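Heads up, the chain below is alone and in the form predicted alone; it's given as structure tokens.
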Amino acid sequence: MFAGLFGKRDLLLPVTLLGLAAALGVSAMSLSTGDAGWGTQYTSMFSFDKYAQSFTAITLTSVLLLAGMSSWGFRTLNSSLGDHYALILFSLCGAVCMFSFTNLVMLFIGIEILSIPLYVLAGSRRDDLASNEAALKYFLMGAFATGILLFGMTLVYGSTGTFNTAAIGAAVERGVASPGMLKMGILLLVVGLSFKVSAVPFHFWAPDVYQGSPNTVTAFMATAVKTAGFAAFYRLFSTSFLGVNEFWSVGIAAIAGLTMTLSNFTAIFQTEFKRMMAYSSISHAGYLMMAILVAGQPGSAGAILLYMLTYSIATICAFSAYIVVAEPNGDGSFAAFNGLSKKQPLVALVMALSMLSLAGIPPLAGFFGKYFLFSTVMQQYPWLVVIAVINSAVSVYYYLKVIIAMYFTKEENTYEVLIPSSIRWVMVAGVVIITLLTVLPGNIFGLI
């Protein structure tokens, strides 16, 4: 932020990448040694355990790729470039709080640190009506969701007498004096967190916000922000509310089934790539909601970790390919991809691999993400896994639209597609990570 203030534009991206790489190195070393590090100073608020370190590492990996992509995505920015990088990093700090909180107050603070910069980033194209609309909708809906979340925290505190997540779990196991108050608090927490991860029926903001926001910001929302939301959701329910899971599990299962079904069938009718990816992101939220149902069970945390990483890398690769096709030509429809394989084989290949991985086609990384997740849920909710498999098959239809346009549709436009060097490196790095996840998915699954 200060580098931008003093006009050091050339330093902005290197400083951002260096900071992210250093943080990733610390997380990787902590994971390899099992050392929680300086986080032990804040044990009443944070716990930088293996769960937090693992999610921090995969999110830093995603944001590193997004930062590389931003040198092209933010190319038109002048004096506000430093502010954009600062806001992304501030938001990332909020995500780290959401990975590691052990107190409901810190969960709330983490959500606010994550969300407030995003309201600004969504509306950062001040001369674009769609961007202004995205920021306003996101802010208003986010404010209401935060109020609901706080009300839920208040009721949970009123029934248990503590904000500490482990102490809440112990109180719930013993039995509370006001079970009705506790259940209402849990219900409100589910509503608030469902908004943050764009689960049905709290998803209506997502398509418009994704479409109106700058492309790099949309990719950040769809990956790092969604990872933070689900990591916090899982951590809270696996720590605090397992003692009353028979109460909330029915509602979570219904939300999961509705989310994956409505979003997949709505995505079929989309004609623009970003709007299709918005509904795709909502559908993946439905799959990930299933992991909340088996929170605390062996393998469930590893399943959600692997799924989020495979989903995030594939989404970033897809957006990197989309940016070089849509932005210079002002066309975000599927028709913009017609004949792309003949113009830019690398871009077409990266987009095809991303779409197939998101669809869960074997043997790509996305298949293993779904396999481990579905296998974990299968023992307790086989009917929900059947719905998820059917929806995965439905999703193949709209993911293939892009591939058909690139490889099997005659070129009908004269668009010129050039690949900037930064985007090329992001594409190559993304494909390498997808390949590694395809070969060694168990290494990520076994981290937690």
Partner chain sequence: MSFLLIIVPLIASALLLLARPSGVRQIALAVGVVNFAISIFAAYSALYDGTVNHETNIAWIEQAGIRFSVGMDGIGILMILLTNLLTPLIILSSQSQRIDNEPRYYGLVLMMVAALNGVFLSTDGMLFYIFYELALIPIYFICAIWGGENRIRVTLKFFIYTFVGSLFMLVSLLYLYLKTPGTHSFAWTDLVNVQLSTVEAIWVMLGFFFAFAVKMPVFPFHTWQPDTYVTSPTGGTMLLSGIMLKMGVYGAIRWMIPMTPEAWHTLTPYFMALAVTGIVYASIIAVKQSDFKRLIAYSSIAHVGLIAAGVMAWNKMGLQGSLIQMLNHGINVVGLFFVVDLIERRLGTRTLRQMGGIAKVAPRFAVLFMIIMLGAVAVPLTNGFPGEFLLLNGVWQYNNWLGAIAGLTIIFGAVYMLRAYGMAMFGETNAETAEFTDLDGRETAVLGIVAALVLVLGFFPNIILQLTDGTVNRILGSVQF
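Numbering follows the first chain given and starts at 1. Owing to the predicted nature of the structure, the values given are computational and were not obtained by experimental measurement.
From this point on, the text means the form predicted together with its partner chain, which you will not see here.
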Per-stretch contact check against its partner chain in the predicted complex, the hit in 63-71, 376-384, 46-54, 416-424 (non-hydrogen atom, 4.5 angstroms):
376-384
Is its partner chain in the predicted complex close enough to 360, 368 and 408 that every residue in that trio has a heavy atom within 4.5 angstroms of it?
yes
Do residue 101 and its partner chain come within 4.5 Å of each other in the predicted complex, heavy atoms counted?
no
Residue contact check: residue 26 to its partner chain in the predicted complex, 4.5 Å heavy atom
no
So in the predicted complex, is its partner chain close enough to residue 293 to count as touching (4.5 Å, heavy atoms)?
no
Partner proximity in the predicted complex: residue 439 to its partner chain, non-hydrogen atom cutoff 4.5 Å
yes
